[in-house]
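Structure 1 and structure 2, given next as structure tokens, are two forms of the same protein chain, each shown alone.
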Structure 1
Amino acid sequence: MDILNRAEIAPGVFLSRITDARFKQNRVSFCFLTRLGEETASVNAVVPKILTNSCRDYPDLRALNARLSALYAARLTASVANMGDDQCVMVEISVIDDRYALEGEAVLNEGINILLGCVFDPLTDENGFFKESVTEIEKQACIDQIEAELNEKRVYALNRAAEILCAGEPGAVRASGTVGGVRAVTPQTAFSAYKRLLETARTEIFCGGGNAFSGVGETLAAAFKGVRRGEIGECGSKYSPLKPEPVVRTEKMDVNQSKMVVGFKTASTDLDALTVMTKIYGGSAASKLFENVREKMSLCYYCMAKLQPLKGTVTAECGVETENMEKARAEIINQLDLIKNGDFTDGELAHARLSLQNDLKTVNDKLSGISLWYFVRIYQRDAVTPEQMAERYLAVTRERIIEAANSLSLDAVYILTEKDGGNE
């Protein structure tokens, strides 16, 4: 495997290439990174959708989709994601590797051409802005997506908890924007946001797959020649400060099962120790939360913990009967206290390390896994391989874990629960 051949091809634009003949597909992603803000998140969320609706070469969705379909299920996708205090605006194409084309077509080159057409040569109206009809359709798609967040109550609860934990910080803004914010988008504001992203956002381009991607660097560099890259916007995340007093927020809804997210914060920068600690706490089926809250107390079907390294938070979440909520909350806090007091066995520590090693070794087996791994590593300015990271976790001692646990303080609890009177 040829890993992470990374180069700056234009000011603030970095190209990374990962070649591995095992993969039968290739994927090229543009990730524009920009600071999250209530003013900009919604319009930025609409931009990639407009870009993947059509472009000058394929001037409507019909023409574009027909071409993609003929390219063996080429997938052109638009997405936005929260990345700590930043918004990641992504446009990506994935195609079958040329080796498997039934008629010997150059699928990758054609795929890259489509992607470049979408990113650099979008369809505009006579005034030079995005077309109004396309903007309106894609605004609606964004609104539907925001409203659909309610459909998965577990994800909804985690998102709400993140907003409460990071209230007042860029990281509290949802990358998908708000319904009101999206409604206010116009073809003009969307086009300005597009130009701003293209000209000033730090940009990470990832090429991954079975292909060697030779010549792709030159093609992409040439595409950026036509762009006036200005001052590159700052990006990077800060830990979320602890609230003076923990807050509890309860939301009522017509639900059968309550959801609870208990959020802790740390000021420790020992992320390796925090990672191992979170694994012991609630990161696997051998963890304390699974063992006790689920298996011993039979309170939940799921109860697990996750570290958000960019914001320095750890969340423990569960779905639980309303009448058992207090019992579950007490036990979630108790299990963390046990780790703080060093009440975990060498076996639990060994299991956590093994589980992390296993997770890390499987990263390389999926194209999406490798791309995401290096994207996050580069963002965190800690570009190590999964193997190197596994070594670091092995070096985490019991003392560092206890210290990491003791660095955590309760910051907020979010509860989604049934309306008064209960539900049947």
Structure 2
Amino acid sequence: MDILNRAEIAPGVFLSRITDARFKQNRVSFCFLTRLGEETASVNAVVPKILTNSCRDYPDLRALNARLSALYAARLTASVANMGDDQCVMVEISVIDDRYALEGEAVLNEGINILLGCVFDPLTDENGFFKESVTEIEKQACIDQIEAELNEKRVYALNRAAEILCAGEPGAVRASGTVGGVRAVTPQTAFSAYKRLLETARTEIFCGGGNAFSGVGETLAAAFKGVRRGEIGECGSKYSPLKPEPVVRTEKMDVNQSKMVVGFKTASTDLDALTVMTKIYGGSAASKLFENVREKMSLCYYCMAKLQPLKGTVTAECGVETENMEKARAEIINQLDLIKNGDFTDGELAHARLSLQNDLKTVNDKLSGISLWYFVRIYQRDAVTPEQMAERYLAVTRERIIEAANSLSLDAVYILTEKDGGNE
């Protein structure tokens, strides 16, 4: 694998290229990073969907899809995601490598031209804004996605817990926005948001695949020459401060299974130790939460923990019967206390390390995994390879794990449970 140095090709625009001959495809991603805000998240979520619906050269979805199909079923996708306190707005294209196309076909260049057309030359109406019909279609697509998240109660509970843990911070805002916020989007506000992203968002471009991507940097740099890049918006995340007292919030819905999320916060910057500690705590089928709270004590249907390194939080989530709620919460906290006291075996530590190594070995299996890995590493200002990270995890000592566990304090508990009287 050849990982080329990240280079700034325009003010606040960075290009990273990753070449691995194993892959038969190439993937080019535009990632616009902007501060999360309740007033901007919803409209920003609509923008990438509009951009991938059509462009000047392909003025409707049918024409665009026909061209993509002709390029050996190339895929053009749009998405948004939370990155700590920031919103990542992404537009990307995937195409087969030229080695597997008919002789003389430059599929990668064609794919990049389509992507550039969508990003820099979107379809507009006679007033210079996005077309109303396209805007309404993509607004509905965003609403459908939000409602799908609301219907998935496990995801809903985690999102609500994040809002409570990070209340008053940008990180509490969902990148996908709200149904009400999306409905309020107009062609004018969407186009203004698009221009704001193009001109002020820190932009990370990733080229990954079997191609060497020679000349791509010059092509992308030339595309940005027509953009008036202004003051680049602030970007980066801060740890969420611990509340004076833990907060407990209960929400009642028609649910078949109650959900509980127990949230802890840390001020420790030893993320390697926190990662290993979280794996021991609830990151695998051999973790303390799984082995004890789920298996031995049968207090819940699932029980696991996850570290959010950008915000300094660890959440333990479970699906539980209402009558077992208090016992499960007490035992989830108790299992962390055991690690704080050093009550974990060498076998548990060895399994955590092995599990982390296996996780890291899968990073290079997919282009999406490689791009995501380096995007997050660059965002965290710690651009190491998965192999280097594996070595760091192996170097984490028992003492560092205990110290990481003791840095965690209970901050909030979110409970989603059935309405009084049970389900209808």
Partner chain sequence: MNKEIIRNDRVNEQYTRVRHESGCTVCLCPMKGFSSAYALFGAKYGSVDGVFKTKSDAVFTAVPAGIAHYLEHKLFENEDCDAFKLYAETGAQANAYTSFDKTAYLFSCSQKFDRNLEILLKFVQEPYFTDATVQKERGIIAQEIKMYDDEPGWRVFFNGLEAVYHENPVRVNIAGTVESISKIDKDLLYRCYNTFYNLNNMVLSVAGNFDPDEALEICGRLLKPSPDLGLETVIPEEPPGVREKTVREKLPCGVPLFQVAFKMPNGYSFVGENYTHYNILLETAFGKSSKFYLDAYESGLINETFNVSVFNGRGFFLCVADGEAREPEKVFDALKNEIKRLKKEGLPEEDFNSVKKKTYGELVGSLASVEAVASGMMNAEFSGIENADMFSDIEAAANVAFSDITSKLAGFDEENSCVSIVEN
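The first residue in the sequence of structure 1 is number 1, and each one after it adds one. We call the rigid core the largest set of C-alpha positions that still match within 1.5 Å between the two forms. Keep in mind that this is a model prediction, so the values were computed, not measured.
request  = Would you indicate whether the form predicted alone is structure 1 or structure 2?
outcome  = Only structure 2 fits here, because that chain is the form predicted alone.
key: Core fit, then residue 299 C-alpha moves 2 Å or more between the two structures   = Yes, shifts by 2 Å or more.
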